[in-house]
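The chain below stands alone, shown as structure tokens; this is the form predicted alone.
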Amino acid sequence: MNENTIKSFEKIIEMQLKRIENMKSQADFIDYSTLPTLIIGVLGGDGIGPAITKESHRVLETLLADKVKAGKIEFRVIDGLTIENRAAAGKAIPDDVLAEIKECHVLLKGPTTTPRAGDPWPNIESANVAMRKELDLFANMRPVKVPSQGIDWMFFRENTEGGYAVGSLGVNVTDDLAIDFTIATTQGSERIAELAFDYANRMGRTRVTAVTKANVIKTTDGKFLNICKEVAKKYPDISFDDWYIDIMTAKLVDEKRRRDFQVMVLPNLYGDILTDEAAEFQGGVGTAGSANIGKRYAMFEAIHGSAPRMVAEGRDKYADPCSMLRASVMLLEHIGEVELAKKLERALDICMYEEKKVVITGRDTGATCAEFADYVMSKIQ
């Protein structure tokens, strides 16, 4: 083995050991109830982001009006996360924008454009990836709900380890041999498992399922699974089981079995794949919100992109705000406003699946995102 290969291995190991020490030194999760004022930052992003984020912001301010008036909650609109501003700064998140972000506790974030080959923008890093790193947002939460099919799932995808942890640091040992890496740490696995079980406990869920391939990837997936089993012992009222990722993708299609699943906790790569499959049952990624949770910060967003074509065609005002409104449900749950979250979620279910009196088509044949948000607010009781 040549010296460069050995150095590459050493660099990865040293980087991960340093990350473990950082995790060990972190404080516990922030308790929002102890804050004199909870600051919610609102970042419109770009493309259709500003249009759909504006409506979610409006709905949240309406629901939280009493606490805003009392000074318990403050909304701050943060501009500057547009692709134009990021390209001009040559950074995924400009320094001044990042400083404003770090003054907040919770973020409501619209989609952002990530440049690709052929785009008129410099090759800057994804704003989402950069934010997860900067704020250590280690847990990606994605809900999927289809009441008519008995589907009510919450996925907890580990955000910082697994097959994506060092995705750009693979090694070409020789012309014939390429090696990539998957990472699992005790601390990283514990905190995602704890978050999943704590959520299930708070929200009255009765089952948590770990999804791995521990029968084949024995060391890293085995560690993840074993730690989930240990955390499960702290929650005797919640049943725990585990499935392998390949059969789990099939069981989500099984109309009888899929109704049994409630909360799922997964390493990074499996979570990415399974949540996109799951979102299709709900109507696709355009209908799904997500959360990125850390111990100090939390970010709530749509899981789809910025749809620049809609903006170019003047259709951004007809964009579907459901993904951001679903993310707003998660934001309310996260800050302890569970009853308000339930009211907003119920209103969305009525508007999206039951009455469907106001329909979004993405064009002038349907409602604007503002008209749909008005419809949702009219159903909040």
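Each residue number is its position in the shown sequence, starting from 1. Since this is a predicted model, take the numbers as computed values, not measurements.
Although not depicted, the form predicted together with 3-isopropylmalic acid is the subject of the following passage.
For a residue to qualify, one of its non-hydrogen atoms must sit within 4.5 Å of 3-isopropylmalic acid in the predicted bound form; none of K145, R205 and E345 qualifies.
At the 4.5 Å threshold, heavy atoms of I303 reach 3-isopropylmalic acid in the predicted bound form. Residue contact check for N128: one or more of its heavy atoms lie within 4.5 Å of 3-isopropylmalic acid in the predicted bound form. Though the partner is left out of this view, R157 does reach within 4.5 Å of 3-isopropylmalic acid in the predicted bound form, counting heavy atoms only. Using a 4.5 angstroms threshold between heavy atoms, T114 counts as touching 3-isopropylmalic acid in the predicted bound form.
Checking E190, D272, E100, D152 against 3-isopropylmalic acid in the predicted bound form, a heavy atom within 4.5 Å turns up for just one residue: D272. Only one of Y164, Y199, W243, F281 lies close to 3-isopropylmalic acid in the predicted bound form, with a heavy atom inside 4.5 Å, and it is Y164.
The stretch among 229 to 237, 190 to 198, 72 to 80, 128 to 136 whose residues place heavy atoms within 4.5 Å of 3-isopropylmalic acid in the predicted bound form is 128 to 136. Looking at 31 to 46, no residue comes within 4.5 Å of 3-isopropylmalic acid in the predicted bound form, counting any heavy atom.
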